[in-house]
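Only one chain comes next, encoded as structure tokens, the form predicted on its own.
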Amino acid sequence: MNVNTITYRNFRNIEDATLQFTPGVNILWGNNAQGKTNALEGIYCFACGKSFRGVHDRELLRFGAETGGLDLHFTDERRQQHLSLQLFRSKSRQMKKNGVAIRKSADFVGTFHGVLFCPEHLAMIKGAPALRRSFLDAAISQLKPAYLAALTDYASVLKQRNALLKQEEQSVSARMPLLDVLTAQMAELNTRIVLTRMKYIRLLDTSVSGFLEDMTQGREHASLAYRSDAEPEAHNEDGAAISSAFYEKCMSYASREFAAQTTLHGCHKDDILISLDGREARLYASQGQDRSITLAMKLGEGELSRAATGEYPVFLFDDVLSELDSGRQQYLMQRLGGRQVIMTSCNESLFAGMDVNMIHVDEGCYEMACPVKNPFAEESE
């Protein structure tokens, strides 16, 4: 999969720009706060349907603009495709796939695939469980749109359930029938999400282990396991057993949840247990080992995407070389053959003599080393 062009209109600090990329390594270089990460953010919006910075659509608009948008032309193994995302300050976004309007994000996500690696991800090993869940959800949603739909529905039910637990106008006994209904709905969605995550982690475990051993010449070994809030005996992946166990557990904790005014159990609290040489990496890994494992997880994500779709996703690296030592930099660059990479950097000299497409970024303007005509210009207009 390769990005051909992307057009930005009133997106972040970019008033109007079209970038064209080559199939190999593309470098967006320039000083800080010029628009390098903004360019990657726009591309990644098509992979996950939202910004990786966790902001609302209106915050993606250029200051003072009421509307803006993104147009992505890319090629997959079947054909050229066109995705469009129109943003508005005061109303909902508009999405199109090859000219056809799309209403749900679950129908929009999964067409274009991208792996993002940014400095914030380096905190994934020792950081909060939410960081690891976010990694899982972003990776799986691109491969299984139904998973994204289940996440959305789960979040909605969880919100309703928490609101019910906080509602003090009615007695606990009066609220129990609705709690029972919401818990049953949550149990079914929780099961679908947990089973999908468990399967993905099993596959990722094999890939990450291989990458880390290769990276360290066999000196270090990592393993990943999904840590679920479901009952241990339900881990035989029997959906009915997991759903039933989860439902019973939640209802048995109902009195505690009413007292806490929040849902205490569910996949929104699950985690990935990451081990290094048999010990929990969160507690014992060094900073360098954290970086190695995270890099292996991102490369593994790409391999799983390739296995599921038949082609590599586009790799988006936001200033990660500056966070890696020379050995890991060299390893990363050596592993990128046959993939399209779009990378940001403040240091042009890192790529001296390399066969890469250099794009200079200055205050939201982009200058390619060898400017070429946008082949989609007429269609975009």
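Small disclaimer: the values here were computed from a predicted structure and weren't measured. Residue numbers run from 1 along the displayed sequence.
Here the subject shifts to the form predicted together with ligand ATP, a form of this protein not shown in this document.
The partner is absent here; in the predicted complex, the one residue of E59, E66, D325, E348 having a heavy atom within 4.5 Å of ligand ATP is E59. Stretch 37-45 is the contacting one of 37-45, 351-359, 309-317, 334-342, since its residues have non-hydrogen atoms within 4.5 Å of ligand ATP in the predicted complex. Of the heavy atoms in T22, none are within 4.5 Å of ligand ATP in the predicted complex. Among residues of the shown chain, T18 is not one whose heavy atoms approach ligand ATP to within 4.5 Å in the predicted complex. Taking the partner from the other structure, ligand ATP in the predicted complex has a heavy atom within 4.5 Å of a heavy atom of N31. Contact annotation for 1-30: residues with any non-hydrogen atom within 4.5 angstroms of ligand ATP in the predicted complex are R12, N13, listed in sequence order.
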